[in-house]
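Below you will find one chain, with nothing else, as structure tokens; this is the form predicted on its own, and questions on how it binds or moves follow later.
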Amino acid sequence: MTKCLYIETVGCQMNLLDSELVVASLRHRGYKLVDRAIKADVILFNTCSVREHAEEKIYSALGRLKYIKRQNPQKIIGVLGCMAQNHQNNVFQRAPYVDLVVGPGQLHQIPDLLDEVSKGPPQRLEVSLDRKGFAKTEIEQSFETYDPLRTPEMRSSPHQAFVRIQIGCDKFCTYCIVPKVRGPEQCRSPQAILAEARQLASEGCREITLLGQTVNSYRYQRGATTTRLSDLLLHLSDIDGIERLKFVTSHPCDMTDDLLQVVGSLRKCSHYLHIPAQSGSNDILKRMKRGYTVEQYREMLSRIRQYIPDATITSDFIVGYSGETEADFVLTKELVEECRFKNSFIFKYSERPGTKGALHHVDDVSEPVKKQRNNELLDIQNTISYEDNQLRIGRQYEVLVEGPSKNADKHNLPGSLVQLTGRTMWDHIVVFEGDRRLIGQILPVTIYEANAFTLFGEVKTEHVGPEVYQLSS
């Protein structure tokens, strides 16, 4: 009998990849993916612990399942990922009807764990070792990377894929829970990464995004040979079929000249870099233990412009961190206005138990002040994004067509036309009308309208055969 699976994912691209791989492994065991929890025999939540709101969202979702579980005790409910590693048995205490708590280092065990849980109690907890009190090799082994080779039908997009090149983090920024829940920094071998990329290319994948917690710190040592991210990009660019290469998320301290030179010189490398600044105040950066000053961040941006003059850069900012004064916040606003980021992800500081920030720094900025600063910085960034996107009207960009847009169903277009969406080599989102058969192609699209978040364009196609579309000039 086929079992039905529902999975809900919160958090970063790493979590999206983890969920994709979990679904793939369960499909191999005969599970069918469904779109509502009530239809499922197994309900899984892949979670995030970076902010309190993300955790409370999961607990709220679990609370709504309490009565469903009471009426259908045979249903299996599982909590996976960072929150599982962070809260461990506390998940069972807050939601005693949960059957399974599995950390990110144990995701490969899920098919077998579900088989065991289906046979009856007890509840199962599978997490990695704490980073204190154990040998480094033991801790690393307990945070096992999970990267089985996939089949095309298991990916959310046949033309795009995430490829993990690194797990864990050793930066220990004072606000961040990631080193605790994702473990020590460990890099996959270039041989494994290239094998996965070649398989993806053979299955029709055209764009690969390399993932790591601080992806540009990638270094794999084997004997006397060291492979850096720049070396890895060079090898990946030689793979036929792969047309675009991206990587996220970068740390300012690891943005080396060799990497920038490669990104600027390789045709396949996207000229888009995500490099969180977090604050424009040196005092706050020091309290955050970011490892650089605002002046060093600016110098890094200058080197980027030297090697990649047309690069688009996005950033992250935390407002309301412990001790942030109005003067500190003004410096952050000035940095955003000066750098004119393509986009910035702006968050109110959320104290995370278990971090150095929670231990040593008082969360002394009030919630109303955090909210006001968040909205003010967001308004500044949105204005910059809008102004910069207006400059793109009339230009033509090569766009990788990803699929129907989120609002495609709201547009009643004639014939086989549908509203499609794609991205440029600079990671701009472009929406335009076209035939579904254009999905997966790279097409020139001319921009005629823009807002702060999206470019709207037009591509003209000329029908020349039953299955072939040719672009007209």
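The structure presented is a predicted model; accordingly, all values stated were derived computationally and were not measured. One-based numbering along the sequence shown.
Below, we turn to the form predicted together with ligand 5AD, even though it does not appear here.
Only one segment in the set 235-243, 393-401, 172-180, 262-270 has any non-hydrogen atom within 4.5 angstroms of ligand 5AD in the model of the complex, and it is 172-180. This chain lacks the partner; the member of D388, E207, D231, D316 within 4.5 angstroms of ligand 5AD in the model of the complex by a non-hydrogen atom is D316. Site annotation in the model of the complex: the residue of K348, R155, K356, R287 reaching within 4.5 Å of ligand 5AD with a heavy atom is K348. For the chain shown alone, V50 is a contact residue for ligand 5AD in the model of the complex, at least one non-hydrogen atom being within 4.5 angstroms. Contact annotation for P276: at least one heavy atom lies within 4.5 Å of ligand 5AD in the model of the complex.
Ligand 5AD is not drawn, but in the model of the complex it has a heavy atom within 4.5 Å of R352.
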